[in-house]
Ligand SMILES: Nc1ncnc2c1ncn2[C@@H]1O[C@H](COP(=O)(O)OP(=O)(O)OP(=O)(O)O)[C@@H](O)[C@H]1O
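Read the single chain below, which is given as structure tokens and is the form predicted on its own.
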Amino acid sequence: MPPYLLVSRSAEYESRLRGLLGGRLAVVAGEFLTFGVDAVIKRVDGTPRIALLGPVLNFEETRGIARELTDRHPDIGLVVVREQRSDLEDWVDELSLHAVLSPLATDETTIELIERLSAWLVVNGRADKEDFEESDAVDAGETSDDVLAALVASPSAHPTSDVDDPVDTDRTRLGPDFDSLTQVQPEQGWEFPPLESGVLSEAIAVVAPKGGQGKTTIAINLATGLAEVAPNSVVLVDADLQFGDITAALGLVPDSTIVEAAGDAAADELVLKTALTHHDDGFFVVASAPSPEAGDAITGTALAVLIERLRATFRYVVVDTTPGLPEHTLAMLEHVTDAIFVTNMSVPSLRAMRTEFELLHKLELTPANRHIVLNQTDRLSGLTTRDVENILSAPVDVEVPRSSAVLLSSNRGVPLIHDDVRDPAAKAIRSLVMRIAPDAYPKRTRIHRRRRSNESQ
């Protein structure tokens, strides 16, 4: 049995840890927890010396695995891989742990914690140096044996064997070095800023009566603009379950999709966050389903629950919906604060939108704030804005002129309002952003710097 064991649902973290520890790491996929803790424990052969639990394990799962491993291997070192959250102290207090490691910690920090805990187990007679095979270089030419030997030779460099129980939740008894070991946080990377007290989260659905109206372009640029005033507190949900293409338009390669985000396991906030993909412009994306079949399996109720979960974390939740008013879109409209209705100047689309308005009014599902966007306007269409408003029986709030810059920005994978800030369509979409967040004025210096950064990739 390799000295290190990982139990996790995150394939990305597993791959990363395998790269750091190589053959010294054994992995049990968290999916076995579907069949209970015993199913996981049965796959643990030999005597692991250190077990890393997570990410994407909830409290009950972690507690069950920790108890079983401790019962079978009393000398094992236990590390929970979990980000800093308000309930983290409860985890530390209620579980028999040696350390908490953030999944966003750097490779250097991760290796340092694992090697220090390995050394601590050796010093306290819980393992032998020989249990830990030679590792890759930790520091230029330095191996795991070198680190262990140095720590064993310098008792002052780590907690001593005088500590009766290193798992004691009163960390003041563990010594300063072990105390610093128990809370390893990331040195870099994005964070999820907490919602300010008294600030309500807003959810905005982007709706269109038919495909091809520019709904996705509006949703992407809305999220981009809102992220300027609420960095890393905006999430864009691709709820076009069969043919969503937000990740393609943004040049993103997601590890998880809305299938995981809307699953039962996502009731755990950490599980939900691991289903998100981060964009360089400071917002997150819930990617569309990987196939129409997978999308069909997601219920309207599950999507509504997803919106509420996201609103508990993010200042703005932007939802790109399926064209028309299918069950999923109707379910979500009950959970949003705003709806942006997008149409072009074709008469069939305008009449379809009017029908949507009438249906929503009849069902009492009209959102509190409604914004009508007339997209791809063209003076040669044969209709005027007044004609459009007469067909809709409602005023148009924003007119977005037809522009070749829209297609160019999409092909480049760059949101329009950051790709060509002077384009008339970009200015019009910016005015829409400011209807939601009046502080979202364009910051030209930052916009152009981002544009050059994207072009160099």
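The shown structure was predicted, so the numbers you read here are calculated from the model rather than taken from an experiment. Residue numbers run from 1 along the displayed sequence.
The protein also exists as the form predicted together with the named molecule; that form is not presented, and the subsequent description refers to it.
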item	value
Among the candidates Gly214, Gly77, Pro103, Gly295, the residue which, in the predicted bound form, approaches the named molecule to within 4.5 Å (heavy atoms)	Gly214
Candidate from Lys427, Arg63, Arg402, Arg412 lying within 4.5 Å of the named molecule in the predicted bound form - any heavy atom	Arg402
In the predicted bound form, segment of 386 to 394, 40 to 48, 404 to 412, 26 to 34 with a heavy atom within 4.5 Å of the named molecule	404 to 412
In the predicted bound form, Asp240 touching the named molecule (heavy atom, 4.5 Å)	yes
4.5 Å heavy atom contact, Pro323 and the named molecule in the predicted bound form	yes
4.5 Å heavy atom contact, Asn375 and the named molecule in the predicted bound form	yes
